[in-house]
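There is one chain below, alone, in structure tokens, taken in the form predicted on its own.
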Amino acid sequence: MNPWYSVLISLFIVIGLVLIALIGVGSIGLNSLFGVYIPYVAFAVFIIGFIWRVVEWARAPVPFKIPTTGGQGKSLPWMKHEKLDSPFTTGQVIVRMLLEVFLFRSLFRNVKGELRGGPRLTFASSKWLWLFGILFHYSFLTIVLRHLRFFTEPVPQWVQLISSLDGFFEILVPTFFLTDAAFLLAATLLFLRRVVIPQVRYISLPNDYFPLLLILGIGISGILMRQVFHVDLEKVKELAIGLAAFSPTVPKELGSVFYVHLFLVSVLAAYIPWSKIMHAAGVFMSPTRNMANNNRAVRHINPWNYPVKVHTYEEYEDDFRAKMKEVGLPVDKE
């Protein structure tokens, strides 16, 4: 497939989803469908799919000890042990996982290889990808936490604190949150990385572009809803609390852009368990990360092993002792 087809296919799908919501609400008046039923179905698909994927990963046997190592393992006393890059104990594995989950340590240590004049293979640091990645994920997390104010009454103080810090500079009216700008910037740069760099574009598929474009659509529609079309947030909270309490009522004052935003969020939620975004849970289930490099000290038992009936040497000798003695072969028992 031409790499550009993947971009166009993903873009057309996202545009189609936007048009579905606009036509469904603006022209047909399916407010309840897009405001209640689709979010409920998407949430159910997300929960069921998430649990199913995690259970399937947990049930998968790990026949080999395959931790990823990036340094010297525990060996002789005079050899320095790299505890984070080659963890030996469960505690070292936990520290390594925490650094991976919260700071993307392996991505931070990533290097880029290039062929330069000669040709000569050179390696250089590639921290910009780590920066975009961590900016994107923490902005996304902050936005999700901020949205909890729509589902709670009264709003927890820590949610109010996050919102206050996020809108500290009080730019525009209503306040334009810093994480909104950081989120769009990081998502855009991650998308452009796949489009601009030929090597990355060549290996990218529609399922690489689609979630990025979908997330961009969610971010853009959210900013438009807040800064341009000025959707009534009290009505949004009324719907959100109703959804959380399983007694939803759909206010008539909500505009089409809100339903576009909610529909895209619902599509993303339903899509997550079946996509690469499940790495959020998969990182905890990966044997390359959650296993200790202690092969020399602890025997790893293959979970696929099952009892096998064997024919021992003693039994073999009992069966063929006479013939073995006849041809002069030594035997343990006379």
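Only a predicted model underlies this, so the values are computations on that prediction, with no experimental measurement involved. Position 1 is the first residue in the sequence shown; the rest follow in order.
As for the form predicted together with a small molecule, it is not shown, yet the points below apply to it.
Taking a 4.5 Å heavy atom cutoff to the small molecule in the model of the complex, the contact residue among A182, L190, I143, V250 is I143. None of K112, H137, H147, R109 but one reaches within 4.5 angstroms of the small molecule in the model of the complex through a heavy atom, and that residue is H147. By the criterion of a heavy atom within 4.5 Å, V260 is excluded from the residues contacting the small molecule in the model of the complex. Contact check for A240: a heavy atom falls within 4.5 Å of the small molecule in the model of the complex.
By the criterion of a heavy atom within 4.5 Å, Y209 is excluded from the residues contacting the small molecule in the model of the complex. Proximity of A186 to the small molecule in the model of the complex: non-hydrogen atoms within 4.5 Å are absent; the residue sits far from the partner. In summary, the region of this chain contacting the small molecule in the model of the complex, judged by heavy atoms within 4.5 Å and restricted to 97-105, 231-239, 127-135, 71-79, corresponds to 231-239.
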